[in-house]
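Alright, here's a single protein chain in two forms, structure 1 and structure 2, each given by itself as structure tokens.
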Structure 1
Amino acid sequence: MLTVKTPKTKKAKRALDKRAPKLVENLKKTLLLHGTKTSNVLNAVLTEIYHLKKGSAIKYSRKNESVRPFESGGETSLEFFSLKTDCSLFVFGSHSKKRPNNLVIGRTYDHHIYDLVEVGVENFKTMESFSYDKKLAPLVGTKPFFAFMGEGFENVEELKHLKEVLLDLFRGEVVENLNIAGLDRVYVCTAVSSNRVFFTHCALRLKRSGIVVPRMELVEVGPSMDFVVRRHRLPNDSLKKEAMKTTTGKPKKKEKNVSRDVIQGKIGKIYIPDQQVGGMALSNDAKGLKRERREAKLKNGVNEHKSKKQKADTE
């Protein structure tokens, strides 16, 4: 037997509709979590990524014993968290003797793990350790620039993968219209060697240059760190093909209240609510006034009247 379960409230329905698969997708949310053991460095890395991604990230602060993304069976609870929080990107920190300061960055498709990259964090510098003019500090949720350099990102498979994942992780919302004045951050990634990537976050300063294009100036604001690529897992081809599917057409918006006629051409309909003559606003019961003031006004009016009368009497 099957029963139909529907949300009991409109709020719940809206929440579910937000999570539904869509033609034009929402911003990917990121889940930040860690394993049984973490180091100070890793804690700092996770919080700083959280700060960078504020507004579209969820950070878990408890230990997670059963999360081991690369092992079979270790992804179950991760997938569950992804479903629960509606996150399709995750950054998992763990620290062990074999893999110190380990960061697993991964993506999910339909709440199942899509791909994984494991990196070790070295030479980490926090945001606080940089000193700069605070006016330059990037605002929350702005669209960043990306600068990738080094042939490693093209030749080495791991780095190529890492580049894509980093882009997906930090790119923010896909927008059509962009306010150029709001551009204020850059992520700079350099492939130093075949398995090492230098990653840093910079603020952007636009300087006058005399022409339309301003001169760019980068100010390092942190965090900055080295990623040493360890393990990685690419999606299998069929899954990749499935996940890369896009539609060219935008969803059509329903045209309302417009009809076409052979003789009259395009006809629009306008609805005007009935004029409520009976309940028309009068000067006395103006809603803007507070009740006390309104009453006082009425009283004063009466008083004036009285005083006038009295005056007349005395005269």
Structure 2
Amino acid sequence: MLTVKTPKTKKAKRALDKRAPKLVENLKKTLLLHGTKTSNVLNAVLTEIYHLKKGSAIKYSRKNESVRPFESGGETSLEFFSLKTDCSLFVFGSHSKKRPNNLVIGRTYDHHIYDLVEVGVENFKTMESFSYDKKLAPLVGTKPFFAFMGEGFENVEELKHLKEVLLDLFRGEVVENLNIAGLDRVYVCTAVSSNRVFFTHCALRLKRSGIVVPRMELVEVGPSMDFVVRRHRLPNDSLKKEAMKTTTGKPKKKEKNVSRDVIQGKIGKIYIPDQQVGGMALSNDAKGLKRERREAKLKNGVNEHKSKKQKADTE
């Protein structure tokens, strides 16, 4: 039987709690890996992706001979690295004569391979090859826009899958509210053909438009490249159904001393501590004391009048 190891220190317990399933998941981290053989183009591509995802990416520089996506037994090491680094996304680069400048982008569920997309990189340009005003350079951690142009993203199965993976790869942390001043970048993806996508990274320049929403201009800041879709693998229906489970909303915190009834509705209990009335010191100016004195005075006056009358009658 398998032994279940419990954390012995508070630090280990906190680390396990961070990896535990949550209603609102943490920011997805990306693992960048090299294959047995890579090219200068692939090394530059992985470096550029690492800079674009700075703060939420882990890059390995060593060659990994045992990692072979799309092959049986070649994904075990990849799942081990995903569990070790707590990364749910990965980008694997390899180069061969059959598949030059090959890039495999994939997602994991419970640290097991969920889906894979294999693309070839062509016409690559680095960030340094673009000249622009450095004041427009996007800041680290800002939220991006996405622009997908072309009917292929709606009709072609491979491009639809690539769109989902790219959105997951570059969207960053999911937030509810945004400041428009923090939107300073756009990822533009253009479907050139049924298996080719032009990918570029642009900065946003905000200008006055006379209305609340400013006019936006795009300035290409790089990197840019062509993705040629080669292979892809979708998740099976049962795994997809399990991974897409969601809840209706955040669980409500339990309210103490509050119950709900079908007829009376919300019922609450209020606990009041015992009041020590007998031991309270009352001032002489209290209205109750004045009233008692007044009543006592009137009573004494009536009694005196009765006694005088009785004396007069006896005389």
Partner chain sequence: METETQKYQIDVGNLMAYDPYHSFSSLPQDREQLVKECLQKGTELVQAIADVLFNLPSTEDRDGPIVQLPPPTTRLPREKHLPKPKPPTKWELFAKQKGIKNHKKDKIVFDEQTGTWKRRHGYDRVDDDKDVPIIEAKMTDEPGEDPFAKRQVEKKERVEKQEKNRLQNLKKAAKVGALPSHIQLAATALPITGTQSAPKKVSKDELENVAGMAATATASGGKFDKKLPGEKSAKHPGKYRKFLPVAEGSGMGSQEQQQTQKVLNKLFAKHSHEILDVDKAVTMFNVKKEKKKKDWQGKGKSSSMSDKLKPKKKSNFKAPNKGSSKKGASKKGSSKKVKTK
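The term rigid core refers to the most C-alpha atoms you can superpose between the two forms while keeping them within 1.5 Å. Along the sequence of structure 1, residues get numbers from 1 upward. Small disclaimer: the values here were computed from a predicted structure and weren't measured.
Colleague: Is structure 1 or structure 2 the form predicted alone?
Modeller: Answer to the question: structure 2 is the form predicted alone, whereas structure 1 comes from elsewhere.
Colleague: If the rigid core is lined up, how many Å does the C-alpha atom of residue 10 shift between the two structures?
Modeller: Its C-alpha position differs by 2.5 Å.
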